[in-house]
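A single chain, nothing else alongside it, follows as structure tokens in the form predicted alone.
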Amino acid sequence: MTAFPPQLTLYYSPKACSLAAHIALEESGLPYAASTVNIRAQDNRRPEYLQLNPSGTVPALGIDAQVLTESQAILTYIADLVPERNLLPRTGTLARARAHQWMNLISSSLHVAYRGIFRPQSYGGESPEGMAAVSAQSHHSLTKVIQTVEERLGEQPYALGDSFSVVDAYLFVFYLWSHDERIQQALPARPRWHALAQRVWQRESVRKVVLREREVRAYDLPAGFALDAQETSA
């Protein structure tokens, strides 16, 4: 019989999509270890990590002797370990399906558009013409999906309604990405997404995780999301 809670180890890269799982673990209250796999330094291509996770992706979640990959699966698993925390609606409800509708949009549309901007060679090969075409199309796709996010958020405070969920942690990551210097075209106004990100930023778990990740790589934060001196000196 598997012990509860399982031994959890998050393999993450600073400011990557793994930030959502990092926040979810902190929100869960469960004990866990965090191990840096800095993709900018190609840590994810090192033999020891590929032996653990042959796909070389982050996030990866070590669960006792097993490894789980893909953000949506990891976020769902963490939420289901602690149902009392209400990090996702209960199984079998329309609200649960809406949560997965959100996470599918994020992983299949939002993340893909950013990847085409940040790493156009992944889709267009190494030729300058191919990369330029991918980047242009990805900027167009990102504009459209941002408009979809704004529309779906509506006037409610969080993605699923009145309370925080792992969906909000996932959206927070990609809000940060929308301020990346590699985005060369103006993006649509996103006041609802900004308001959601501001609410998420006020959570102690989020600030704690961002501070931890910035000790590995001091990535920039958008205006209004700075850590105060007391937090950085703690």
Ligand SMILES: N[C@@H](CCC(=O)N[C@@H](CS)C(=O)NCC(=O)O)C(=O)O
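Counting begins at 1, following the sequence as shown. Since the model is a prediction, treat every value here as computed from it, not as a measurement.
Keep in mind the form predicted together with the ligand is missing from the figure; the text below concerns it.
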property: Candidate site 153, 171 and 196: all three near the ligand in the predicted bound form by heavy atom within 4.5 Å; result: no
property: Interface stretch in the predicted bound form with the ligand - options 182-190, 200-208, 54-62, 26-34, non-hydrogen atom within 4.5 Å; result: 54-62
property: Residue (of 139, 100, 85, 115) lying close to the ligand in the predicted bound form, criterion heavy atoms within 4.5 Å; result: 115
property: Residue 71: touches the ligand in the predicted bound form, heavy atom cutoff 4.5 angstroms; result: yes
property: Residue 44, heavy atom within 4.5 angstroms of the ligand in the predicted bound form; result: yes
property: 4.5 angstroms heavy atom contact with the ligand in the predicted bound form for residue 177; result: yes
property: Non-hydrogen atom contact residue 39 with the ligand in the predicted bound form at 4.5 angstroms; result: yes
property: Stretch 3-34 - residues with a heavy atom within 4.5 Å of the ligand in the predicted bound form; result: 16, 17
